[in-house]
Ligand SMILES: Nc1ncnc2c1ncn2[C@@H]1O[C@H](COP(=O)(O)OP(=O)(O)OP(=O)(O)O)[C@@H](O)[C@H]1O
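The chain below stands alone and is given as structure tokens, in the form predicted alone.
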């Protein structure tokens, strides 16, 4: 099993030996490396010789006060977090400390929990700065998607090119990567924004009902058709229709969709004459359509009709520090719904979250953060609060001397855990059918 080492180094600065002893003891017990200095001059010398991730400094000390140290750190050491301590707590002091560059402000006397909370919060801000994110709010784009990664910036560029067009867009990516969010953003940034956006889950509608749902039917067209009903294409008139899981369409339905894309006409069931529709098609899939074409499971002509403007979403594991940005965003979102302050995550917890492979991608991350915010009763979320799979099976934990069967079993378990045991979604992520997945579960 891979071990994630905590290499965070803290510098505590205070003219009180008792305070330094307490801070060093409590934070060393929490897993941090702590060095100390009795004053600003000694702290500056220490900062010139060793790399420090966070400075914890008293406000009032002989000769030079903590504000001078804060200014020195901000002017010379951009990637260093700061926590200000003081026995003279006041609103003006707090405001000045934060304006000067402190990340957190803590009044003496403080409890061990308050100290740990301030440290983890300040380090969380530092991680966001290192990720290229502002510390006041999550990184956002004009598309309403949160990211600071180069991989997603390429997606944003593709979206910018696609939004003003009426051309068909094919959005590819693993389950949970946000394909519908991308489709909605393209629609609402384009010329059809005032018209409907109609999402359709092609894999969630039985094949026998899909034709009537998509194209509508006339009263009496079949048993149970007691009234005429418009289909999704008619509902989306003038706007966009989003066909999610388009790879799940049967071959007859693929032929029907191809006809709509070619002729811009739909045939309602029970009606002989086609009706013209003005609808932009946005499609999405988590499967390799080109491979399905080679296997004869997806029409080649439909594939080329859909793949006019391709957009490929990267999995979360390839988005670097976006994990940290999204953790903070979801924590604040769900804490806000509960009308409480978002709990900070310890360095160890954040390291484990980054190391995890995220088979369920952003959707899985959102579900886990929601569970943590709801269930953890303490003010700080630590590694012990994370699901066991993350603590003991982080990405890359398969030993090099593991057999192929052992590696496969570990991956299947990770995917199943990431989608909360949903075998249909797990099979889609693994690229196998449910029967094969059941066989692998029994085998392993």
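All of these numbers come straight from a predicted model, not from anything done at the bench. Numbering follows the first chain given and starts at 1.
There is another form of the same protein, the form predicted in complex with the ligand; it is not shown, and what comes next is about it.
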{"property": "The ligand in the predicted bound form: contacting segment from 341-349, 172-180, 188-196, 273-281, heavy atom within 4.5 Å", "result": "172-180"}
{"property": "Heavy atom within 4.5 Å of the ligand in the predicted bound form - the one residue of 310, 164, 144, 78 that qualifies", "result": "144"}
{"property": "Listed residue that, although the ligand is not shown, lies within 4.5 Å of it in the predicted bound form (heavy atoms), from 158, 211, 366, 332", "result": "366"}
{"property": "Output flag, 286, 319 and 326 jointly within 4.5 Å of the ligand in the predicted bound form, heavy atom basis", "result": "yes"}
{"property": "Partner contact for residue 248 in the predicted bound form: the ligand, 4.5 angstroms, heavy atom", "result": "no"}
{"property": "4.5 Å heavy atom contact, residue 362 and the ligand in the predicted bound form", "result": "yes"}
{"property": "Heavy atom within 4.5 Å of the ligand in the predicted bound form - qualifying residues of 36-66", "result": "none"}
